Structures are given as structure tokens and as C-alpha cells.
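Let's start with one chain on its own, the form predicted alone, as C-alpha cells.
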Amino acid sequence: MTISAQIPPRTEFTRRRLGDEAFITLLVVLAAVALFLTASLLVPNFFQLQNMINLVTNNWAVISLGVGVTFLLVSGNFDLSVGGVVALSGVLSVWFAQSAGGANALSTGLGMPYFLAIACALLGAMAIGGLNALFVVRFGVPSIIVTLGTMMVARGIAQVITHGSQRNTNLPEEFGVLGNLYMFGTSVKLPVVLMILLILIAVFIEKKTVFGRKTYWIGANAVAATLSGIDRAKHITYLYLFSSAIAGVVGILLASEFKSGFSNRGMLMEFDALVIALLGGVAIAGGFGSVVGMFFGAIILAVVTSAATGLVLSPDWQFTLKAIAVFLAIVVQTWALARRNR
């Protein structure tokens, strides 16, 4: 069967949907700019070039996770396991790389060469993605339930390996290189560059490839997508493997940056990744949204969090502000689309 037979041609509805998507993305961009200017008026020294850069570079991990989460949301599925996968992959990379003859249990590992250690840690992360796909696709369990469960499984394994603490000794010298490597003599680290490359690749896949179009069709109407010849099971499996691979890389880079494997690393990152996707206009029901919108949703969340810190608000208020921001984003998105389609 040819590609043209597999993918239905763009209808007037499809073209309008993409127009609505661009409209919502523009609203998100304008909201991010407006929030930044408002914060600049309220918080001393907020309007600075370095602060603008920090809003992105300090949130590279959550933005990277948001790419995989966005693709899955667009397909009509959740991935709340990414925070647990971050912890698991980081702990595994440390455990695999630690020398075999340590002074105690937490300093004793498997003694693998470093690059073999991170490759095996990445496979461990992708195993969680495979488990997600198995239960969602094969057994039909709702993705929000499956991924909540695998999040706890991944973090539980990390806690067992670290004995509820962390592993940070008896590591090879090269372990801390990747997470702390500055690029081209600048203050920009390798993880930030990888995040930018990931976003560019994701936007290309989303807008210019058959794979991206399939993702939207599955999210918009899974039954119609299946009847048109799309292998939904295989596609969703690829998306879960993709998301867990990103989370695995993030966990490995964070472990390298801090030279430790910590079972609580990545705590609540899965919810932040979901929040920035929703703030960016990704529809929770699937079939609508973009990686660019998710990125500016991350900027909105970063501005809110940074401004709250600058105003010396307690962490409790920061959580409240996040909740209000998500609620307003969903309400405004619904209202704006209703007004535009009237």
C-alpha cells in the first residue's frame, strides 16, 4: 500500500485545523512576551539579556522531556513516566560505570566502560517505554494509568539500586564530561545544544514528514486513521520509545552534570512537561498542538516561576501559580477557538 493510500488527503477541515493551531501558537507567543514584560516591571533586574538566556538554559531538561510528551499528547496519549525514567537512567549510568571493587555497596558498581554504561542505561530507559507501549497498545489500558504505574516502577528500581540515597563515588574521570562540556568557548553547555537540536528535528518531523502527519491523524480520529491503513499500534510504540529515549538521555546528562545517581532526581518533571505542553496549546484530547507552542509554554512557566522567586513567594505559591496558569491556558484556548470559528 502506498503512502498516499495510507494517509488521507488534506481536507478543508485539516487545513483549518492547522490554521487554528498556528493561531493558538501565536497567542501563546504573545502571552509569553506579555508575561515577561509584566515580570520585568514587577521584579528588579528581570529585564536582562542573561536572564532571558537563563529562562531557556535552566529549563533544558523539562523542555527536552516536553518534546516526547507533546508528540504523545497530540496522538491522544499521556506519558507521566518520564520523571521516573530520568531518575532510573541516571542511576543506572552511575551503577554501570562504578568500579567493581568499592569500599561499600553504594560505591560498588559493574565496572563497565563509560560509553557502554550509558548505552546500557539508555536501553534500560527505553525498556520502560516498551512497557508503556505494551500495556497501552496490546492490552488497551488507559495511558494515564499505565504511565503513572511505570513512573513508580522506574523510580522504585532507582531507589533500590541507590538504597534510597545516591551513588556518587568510585566513578571514572570521564563520567562528568558530557554534562559539563561547554560548547565553542561559550557558557552554553552541551545539554542545551542537544535540546535545541532536538526541537529543530521535532519541528521538522511534525511539519514535514509522514510520521508527523500520522501522529495528528491518530490523535484526531484513531478509528479513521486505522481504517485508512495507519498501523496505530506500531506508531504509538515508536512514540513511547522516542519519549523514553529522550528521558533516558536527560537522566544520563543530569547524572553526568552532578556526577551522581540520585533516585529522587526528576521528581515532578513529568508534571512540568505536561504543564508546558498544555500551556503551549496542545489539546489534552489529542490531534492538536505543536512543539513550538510547547517551547513557548515552557517560557511562560519559566517566567512565572522565576518571577515568583524574584518576588520571594514561597514554593507553595509557586505551585498555585502553575495551577492557575494551566487553568487559564485551557480556558483561553477554548474561548479563542470558539470565537474564531463562530
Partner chain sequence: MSQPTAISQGPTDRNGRIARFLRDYYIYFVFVAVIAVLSVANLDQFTLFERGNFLNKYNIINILRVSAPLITLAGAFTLLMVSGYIDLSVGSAMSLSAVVYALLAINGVPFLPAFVATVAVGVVLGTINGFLVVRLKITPVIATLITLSLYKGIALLLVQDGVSAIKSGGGLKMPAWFNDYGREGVLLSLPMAFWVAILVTLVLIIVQKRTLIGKYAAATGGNPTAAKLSGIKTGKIVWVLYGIVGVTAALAGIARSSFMSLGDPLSGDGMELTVILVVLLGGTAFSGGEGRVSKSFVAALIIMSLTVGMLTLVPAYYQTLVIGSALLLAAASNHIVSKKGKSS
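Residue numbers count along the first chain shown, from 1. Because the structure is a prediction, the values reported are computed rather than measured.
Just so you know, the form predicted in complex with its partner chain exists too; it's not on screen, but the next bit is about it.
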Requested in this report: Considering only heavy atoms, tell me if residue 234 and its partner chain come within 4.5 Å of each other in the predicted complex.
Outcome: no
Query raised in the report: Taking the shortest heavy atom distance, is residue 98 within 4.5 Å of its partner chain in the predicted complex?
Result: no
Query raised in the report: Heavy atom to heavy atom, is residue 221 within 4.5 Å of its partner chain in the predicted complex?
Result: no
Query raised in the report: Can residue 284 be called a contact residue for its partner chain in the predicted complex at 4.5 Å between heavy atoms?
Result: yes
Requested in this report: Using heavy atoms only and a 4.5 Å cut-off, determine which of 123, 268, 181, 210 is in contact with its partner chain in the predicted complex.
Outcome: 268
Report summary line: None of 127, 188, 157, 112 but one has a heavy atom within 4.5 Å of its partner chain in the predicted complex; the exception is 157
**Report entry** Output flag, 77, 153 and 327 jointly within 4.5 Å of its partner chain in the predicted complex, heavy atom basis
**Finding:** yes
Query raised in the report: Pick from 85-93, 189-197, 162-170, 241-249: which stretch has a heavy atom within 4.5 Å of its partner chain in the predicted complex?
Result: 162-170
Requested in this report: Check each residue of 116-144 against its partner chain in the predicted complex and list those with a heavy atom within 4.5 Å, in sequence order.
Outcome: 131, 135, 136, 139, 140, 141, 142, 143, 144
